[in-house]
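One chain comes next, on its own, written out as structure tokens in the form predicted alone.
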């Protein structure tokens, strides 16, 4: 579907889906596939909130994030065990034409999946993120928001103030995947002409400290400050970010995933590592003084370096090592045993209390000899 008339005769031109957006949507799909069944086990109601939903489709016919989220649940192989949980989907799109186009696609999706699951409720709103979020939260009164996954993926920097994100995610089981316009922020920090927007974005004026920095130092300062604000203002103990680079090595934006549960952090990391970069872009993080590139080929050199330094002279159980990797590194639990510890054992860098080399069963104690 290429063009649709909506609103007051306004023509809606659907955009092309760039490769990095495709990867972002695959990440979302992979993570929701884990989030839905995990949270539904102990909760009678879940909320998926897409704050900048878009028109639901791209010019090449590819699904947008709202359709992806719904199809992930409809086609889930654990749909039947989740039937007793009510799933609320709230899709907000400020552009009227896009919102109307999205509604038409949702109608088509429902018609193609009859009978529509009784436990799936959909709402589409046509307002801005700040007003809608404030209205929803004010309407709760003393009640608690259902466990929520908020996908906050705006264009630009003016629509996602830290104060509103803090309110939205202040509930115990709130999770957040938020887009951060890194290139734009780095370019305009210190210019003085959008300071109010930047102050709202960060929830502080500390970003002005980037004005005297250049190059990678300026970039890292901005990245670390936003992560720090998500930690301190929004009280998220676990945050994983990755940066998107184009094929010329230019940093386009950052994504931050925020949670209060290490199991969620591990599932998101596993999803991140599944999305192999193409030649058009790459996902990266900076860890242990080295670049970490997310993709099908996993180079655990930075992780091995980190473990040797962090556990220098200590002996820890395999469970403690895995938990540390999950909460303190860009790597996931499935990178620890075979890809990392087995290699270190072959190189004589660690020893274990297991007779069988390469075995890291539960309870295994791993010793890291001190480095002189």
Ligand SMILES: C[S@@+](CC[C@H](N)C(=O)[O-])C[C@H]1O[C@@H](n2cnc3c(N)ncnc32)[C@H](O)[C@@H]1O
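Numbering follows the first chain given and starts at 1. Keep in mind the model is a prediction, meaning the values are calculated, not measured.
Missing here is the form predicted in complex with the named molecule; even so, the following discussion is about that form.
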Would residue 40 count as touching the named molecule in the model of the complex under a 4.5 Å heavy atom rule? no
Although the partner isn't part of this model, could you tell me whether residue 93 comes within 4.5 Å of the named molecule in the model of the complex, counting any heavy atom of the residue? yes
Considering non-hydrogen atoms and a 4.5 Å limit, does the named molecule approach residue 20 in the model of the complex? no
In the model of the complex, is there a heavy atom of the named molecule that lies within 4.5 Å of any heavy atom of residue 127, even though the partner is absent here? yes
State the residue from 147, 154, 190, 302 whose non-hydrogen atoms include one within 4.5 Å of the named molecule in the model of the complex. 154
With the partner omitted here, the residue among 185, 268, 178, 98 that in the model of the complex has a heavy atom within 4.5 Å of the named molecule is 98
Candidate spot 25, 51 and 58, all three touching the named molecule in the model of the complex (heavy atom, 4.5 Å): yes
Region of this chain that lies against the named molecule in the model of the complex, out of 228-236, 72-80, 128-136, 268-276 [heavy atom, 4.5 Å]: 128-136
